[in-house]
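First comes one chain, alone, set out as structure tokens in the form predicted on its own.
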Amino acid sequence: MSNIPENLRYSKDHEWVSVEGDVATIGITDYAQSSLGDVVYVDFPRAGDKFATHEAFGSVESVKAVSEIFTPVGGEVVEVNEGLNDAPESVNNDPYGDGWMVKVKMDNPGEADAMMSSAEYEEYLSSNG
């Protein structure tokens, strides 16, 4: 089974969120990166861009496909992981650490609470994977 840290929240689109105050750090899950294969390029928004919940905010290009990434929470991008420009493989090697993608100042911090827990996400994967 995939690596599913208990301290994060998860979306059905296979994104994870870590919340500090009203800022959510967003990335793709271990399941998503392993499904994609070797990530070769990540396309991001810029700081200051605003996105509604479940809106596509970028894409991940792998050796297999290009996949859109959706923001599980609405808000304004306050930081992007520029390190992925030079090391997109971090998404594969460390999806919950160095492979994070963007930080969003949430319009409604309660949205993250409504996302799946690690146990719910694991169950979702086993019934939909």
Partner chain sequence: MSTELKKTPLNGVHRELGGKMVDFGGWDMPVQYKAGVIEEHMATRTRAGLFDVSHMGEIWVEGPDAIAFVNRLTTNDVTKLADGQAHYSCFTNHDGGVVDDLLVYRFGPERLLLVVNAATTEKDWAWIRSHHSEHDDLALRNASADYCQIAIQGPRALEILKKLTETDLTGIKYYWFTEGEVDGVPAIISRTGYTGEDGFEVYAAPDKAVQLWNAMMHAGSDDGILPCGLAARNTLRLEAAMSLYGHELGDDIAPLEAGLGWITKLGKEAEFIGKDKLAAMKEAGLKRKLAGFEMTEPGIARDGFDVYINGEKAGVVTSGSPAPFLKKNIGLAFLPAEFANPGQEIKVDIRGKQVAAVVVPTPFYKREK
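Just so we're clear, the structure is a prediction, and the values are computed from it rather than from any experiment. Numbering follows the first chain given and starts at 1.
Separately, the form predicted together with the partner chain exists; it is not shown, and the next lines address it.
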Name the stretch, out of 76-84, 94-102, 22-30, 62-70, where some heavy atom lies within 4.5 Å of the partner chain in the model of the complex. 62-70
Can you work out whether residue 43 and the partner chain are in contact in the model of the complex, taking contact to mean some heavy atom pair no more than 4.5 Å apart? yes
Does the 4.5 Å heavy atom contact test between residue 35 and the partner chain in the model of the complex come out positive? yes
